[in-house]
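Just one chain follows, in the form predicted on its own, and it is written as structure tokens.
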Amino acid sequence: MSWDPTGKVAVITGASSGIGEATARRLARLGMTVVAVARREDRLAALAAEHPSIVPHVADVTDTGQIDALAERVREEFGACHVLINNAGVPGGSFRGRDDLEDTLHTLDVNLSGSIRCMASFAELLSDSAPSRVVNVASVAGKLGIGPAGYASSKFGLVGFSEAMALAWRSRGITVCQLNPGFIHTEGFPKDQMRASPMGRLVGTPEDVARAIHEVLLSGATERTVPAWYRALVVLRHVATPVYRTAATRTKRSGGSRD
């Protein structure tokens, strides 16, 4: 049976910019009610003004009480949650030692624990709304382990959690997808230097990811890499590890930076 988005309710975190913003617009155009969640009230208000079916909600994914309140609002106002897209994330910085501890723990809290909080708060409503979808926006960095350690570990954790929950929640009529973007140019993750170089063709857009999210909602896929060719790097990592490690050590990112 095909999954029709028309008339369904979606909740998107990190919706004030980038991937979340692009996805909110796309799903609203498909005829969905979209609860757009982020901390920046002004940005959410501007997004909601573009389309009558986008509903702004200010919340911080690191605050369990705020996420519980969000889930309660969605149940009371709309009676269902057919789609939960956990997209809120921060890039984090390098991990060199004690001075970087708080930043790294914050990165883990937003990128990993934030998604877990949302899934916990919405679990019952997602089950009641089945067939429903969870899309956890992870990263190719959650497969390769290169770049800032806090970011990579948060995404590795999200990939593992998503994979386990895809199996655990299947019987409840909930599909859980790990969606792994490669280099995507966004406000929070600018790729200006890379875009200005010959490598610029490797950088995608938020709209590329929004399109992939749309496709996995329709298909019920539990894993997706976008752009798709990044999957080859993941395969290389596992089938030819020495080759991958040799190549990885020659990049600036092997020092733990975002460059």
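None of these values were measured; they are calculated from a predicted model. Residue numbers run from 1 along the displayed sequence.
Beyond what is shown, the protein has a form predicted together with a small molecule; the following relates to that form.
The candidate spot formed by Ser132, Met165 and Ser171 lies out of contact with the small molecule in the predicted bound form, as no residue has a heavy atom within 4.5 Å of it. The stretch in contact with the small molecule in the predicted bound form, judged by heavy atoms within 4.5 Å, is 150-158, chosen from 97-105, 150-158, 123-131, 76-84. Scanning Ala212, Ala38, Val55, Ala28 against the small molecule in the predicted bound form with a 4.5 Å heavy atom cut-off leaves one residue, Ala38.
For the options Val176, Met119, Val110, Ile146, the one in contact with the small molecule in the predicted bound form, meaning a heavy atom within 4.5 Å, is Val110. Taking non-hydrogen atoms only, Ala15 approaches the small molecule to within 4.5 angstroms in the predicted bound form. For Glu72, no non-hydrogen atom is located within 4.5 Å of the small molecule in the predicted bound form, even though that partner is not displayed. The small molecule is not shown here, but in the predicted bound form it comes within 4.5 Å of a heavy atom of Ala59. Residue contact with the small molecule in the predicted bound form: Ile19 places a heavy atom within 4.5 Å of it.
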